[in-house]
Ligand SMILES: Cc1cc2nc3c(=O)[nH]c(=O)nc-3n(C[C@H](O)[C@H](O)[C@H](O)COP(=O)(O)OP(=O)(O)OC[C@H]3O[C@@H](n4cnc5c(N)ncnc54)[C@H](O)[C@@H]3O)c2cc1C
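Taking the form predicted on its own, here's one chain by itself in structure tokens.
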């Protein structure tokens, strides 16, 4: 399956990667040997991961507190949620978002998830639940078989906006699921309590009509959790605002010419680093509702699937309305009979 790595490594329902990261971590395989063996793959994406590995070690030598302190020092003042319930739900795969839950359950039971899923659960923790990236680092460090201090810290810092780099994307939990698990096979494996749901609803059970939920034996909030947050867009907007507030508070760490964040090196020199365009735009247009540089990956969007969901809910609403009308007529008939008596 590794031959499909370049274009399809994101798939959750197919193993299109080699899973050698734990062996690299424990020194059972040399990265040089992997580099030599992988040359025939013609996959720059695969080879870049080995380069990032060395990069993370270099960063850790320059910033020994990489696992706990932001490299962009002004981000220490960033506001974060401290909701322990949200953190616990994320750790145990009980968020109510099937792909996130499936990935976190696989992580707990197997100690491994693919790189795409690591981005999905990290984006959810940071950009939607607004929980500190250090919490994610600690959980991954505790659960991953390939938990490497340098790589783990570098990636969580970048995902948490605090590192030398910033991810130029945010994974939407539903659209990412439609991209990497289009038929729901992965979710059905790790979230068997909702396995009976049709494909159109497997990644968003809250949109499923009550009649179909009953037929599948699912009670949201009981057999499968309700969503920990329902307003994804609102949470995401607040996350953007949190970053903008930090940059406003510390203009001395924002380059006036480019708008990029400045990072002080160990020798005291400040250098500009890659900064997400949506942060720059939001800084100068705080009231704007539409950000032309939004980093949210919408991924796979199926109009046909959206129409099927709308039709199912409309049909269920009509059936419910007709049923209620019949019951109302029966109640009126009984009331008339009682009055006659």
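Bear in mind the structure is a predicted one, so any value in this text is a computation, not a measurement. Residue numbers count along the first chain shown, from 1.
Just so you know, the form predicted in complex with the named molecule exists too; it's not on screen, but the next bit is about it.
Colleague: Residues in which of 93-101, 175-183, 115-123, 209-217 have heavy atoms within 4.5 Å of the named molecule in the predicted complex?
Modeller: Careful reading of the contacts points to 115-123.
Colleague: Just to confirm, residue 156 within 4.5 Å of the named molecule in the predicted complex by heavy atoms?
Modeller: Residue 156 belongs to the contact set for the named molecule.
Colleague: Going by a heavy atom distance of 4.5 Å, is residue 10 a contact of the named molecule in the predicted complex?
Modeller: It does not: once the named molecule is placed as it appears in the predicted complex, residue 10 has no heavy atom within 4.5 Å of it.
Colleague: Does any heavy atom of residue 53 come within 4.5 Å of a heavy atom of the named molecule in the predicted complex?
Modeller: Yes, residue 53 sits close enough to the named molecule in the predicted complex that at least one of its heavy atoms falls within 4.5 Å.
Colleague: At the 4.5 Å heavy atom threshold, is residue 146 in contact with the named molecule in the predicted complex?
Modeller: Result yes; residue 146 sits at the interface with the named molecule in the predicted complex.
Colleague: Looking at 140, 75, 224, 201 here, can you tell me which has any non-hydrogen atom within 4.5 angstroms of the named molecule in the predicted complex?
Modeller: Selected residue: 140.
Colleague: So which of 71, 106, 152, 127 reaches within 4.5 angstroms of the named molecule in the predicted complex, heavy atom to heavy atom?
Modeller: That would be 152.
Colleague: Using a 4.5 Å cut-off on any heavy atom, which residues of 13-35 would contact the named molecule in the predicted complex?
Modeller: Contacting residues: 17, 18, 19, 20, 21, 24.
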